[in-house]
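Here's a solo chain for you in structure tokens, the form predicted on its own.
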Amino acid sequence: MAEKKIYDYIFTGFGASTCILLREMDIKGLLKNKKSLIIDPNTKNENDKTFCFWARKTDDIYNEYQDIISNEWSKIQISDYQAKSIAPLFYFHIKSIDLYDSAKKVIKKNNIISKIDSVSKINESKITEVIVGSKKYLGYKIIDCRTINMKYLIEEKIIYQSFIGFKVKLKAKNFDSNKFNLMDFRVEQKEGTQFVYTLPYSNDTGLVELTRFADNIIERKNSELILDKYIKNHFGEYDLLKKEIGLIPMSTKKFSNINSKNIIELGTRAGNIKPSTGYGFKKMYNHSKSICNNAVEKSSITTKKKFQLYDELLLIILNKWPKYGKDIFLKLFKHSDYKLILKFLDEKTNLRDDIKIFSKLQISLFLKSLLIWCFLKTKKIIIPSLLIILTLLPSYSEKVVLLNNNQIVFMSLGLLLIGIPHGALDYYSGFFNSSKKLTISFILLYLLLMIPIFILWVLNPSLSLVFFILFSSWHFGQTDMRYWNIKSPVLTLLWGLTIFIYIFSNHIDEFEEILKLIDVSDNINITILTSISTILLAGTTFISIYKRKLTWFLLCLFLYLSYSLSLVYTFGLYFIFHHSVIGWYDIKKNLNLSHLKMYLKAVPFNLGAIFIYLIFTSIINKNTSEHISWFFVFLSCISFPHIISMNFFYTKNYK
């Protein structure tokens, strides 16, 4: 049920980013005489987080937040190194409860309505709908600061900053409240990068936090034992006042794909957490300034490409070689000026400063990381580029009606290595059975779905061909659109049809011969078919450029150049080395298995598919050329249950 009231602003959360924006909007008078609504599942009556940043006392951020700054330090210590001054900078601490309370004053002042509830969905439109259970709230501007789905992120295999902290009161006054320890690595690393972060609020009270940079999250029970041992060894006996836990994704990737001028994203959703450190308060502050300077219009804080590269290189090292994390940070602080490091983390250094910092680190390690980064940035275009090269190589572009001997060997190996295996794990999709096991019932149901397609080929080959093209087009398009992160059923079918129709029309003589071999009427209007295929490919090429999808554009280019290859070879290259590879990696990502384990699990189905095809070809008793033509028939039969299975898989796992 929707409220009739239309709000000027709806805030879908009441975290730090919302509080910072509310304060800024109040300063600028942007909340005056506005109807605003805040929806959050929590009352925010507890001091549940710690916010820190560094700045000069002449900076605007200090002047605007000094009313709630609870502690400050001018010296930083790393492990057992001597503490160093960062003057004129200070490291400031804000209690989350003080930030919440200051924002609540803004809420009261501007008569903002607050509701304790969870937002389940946002429907984009001119007047955007915010769905809360069975209720709908309408707003002109939605400030989206919902928590990122950590379950989804964990499946993405990225690096996390996870931590658990003890707020303690020491039995003796052993804290030095003039300094704080940013990173103390005198703890076990446990196949990650672990350190203790200590903020002394006074001589006997403070926060002692164990932080972990790794692709697996900190284990709570063991971490508490490590913290207990660390505190007793370095500060003596203590009373535990409160525990603080947290999880921050360390990634340069975009966590949301909302593209609407009516929806303004904040916090992690807006990329306001620095990937390599987890700091975000200043970025959220600067983002709020930018939004309010544009009269609450969508705005973002742009990160220079070089700093994004630096973050990504470090994250690769922490992921691939976590044992080096400790050494990198220790060398960084041992050989570089602390103020320069903080300037670097603020992304304000010039190239000369950067070289000075990196020269103190393990250059070979960062070069290895750079090579992996280059591969990760180009891996999506490697296969399309190789497909294009194959169209230009004389040894592989010899056009024959079906396949020459070299191509038969090449395609057979491709089918055995990736073509058949990518569909051999359909029982893991969950469509055929919830247990995701290879059972007799699965095999029988799979065969049962193949039989009517074969019968249809026998009774009406023309209708079967149309049906095969339609359901295969959907499947090919669905796989590619998911790969390019495009949610459009129209483009899904359009692209799939483009692949099939262009390949067929671009090899019309071979297509007609294959149709004769499988008894399909070849009464085709070549002019109309060619015109349709040309329009389709030109249209999808334009869309690929408009959506800035280089992989898609390269595949269009491959189709343009495929006239030099045979029909079967062109289709086989696309099916095996593009479509099947993507499908294989989609399943691998979902199952979280190695390639070897996936191949071993696929062996029974692979052997079964080969056995069925041998029986199939022996029954129809055709010659070699006709075998290749009738391979389309076999492919359509075995593809039908596979496509049903993968449609279920994509719908369930990639909403």
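Here the structure is a predicted model, which means the values were calculated and not measured. Residues carry their position along the shown sequence, with the first being 1.
One more form of this protein, predicted together with a small molecule, exists but is not displayed; see below.
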Checklist line | Listed range touching the small molecule, judged in the model of the complex by heavy atoms within 4.5 Å, from 266-274, 489-497, 504-512, 75-83 | finding: 266-274
Next item on the list: Using heavy atoms only and a 4.5 Å cut-off, determine which of F163, F307, W584, Y427 is in contact with the small molecule in the model of the complex.
Entry: F163
Notebook entry, point to check: Among C556, L565, C145, I142, which has at least one heavy atom within 4.5 Å of the small molecule in the model of the complex?
Noted result: C145
Item checked: T252, heavy atom within 4.5 angstroms of the small molecule in the model of the complex -> no
Next item on the list: Mark P41 yes when one of its heavy atoms lies within 4.5 Å of a heavy atom of the small molecule in the model of the complex, and no otherwise.
Entry: yes
Check: Do S36 and the small molecule share at least one heavy atom pair within 4.5 Å in the model of the complex?
Finding: no
Check: Closest heavy atom of G15 to the small molecule in the model of the complex, within 4.5 Å or not?
Finding: yes
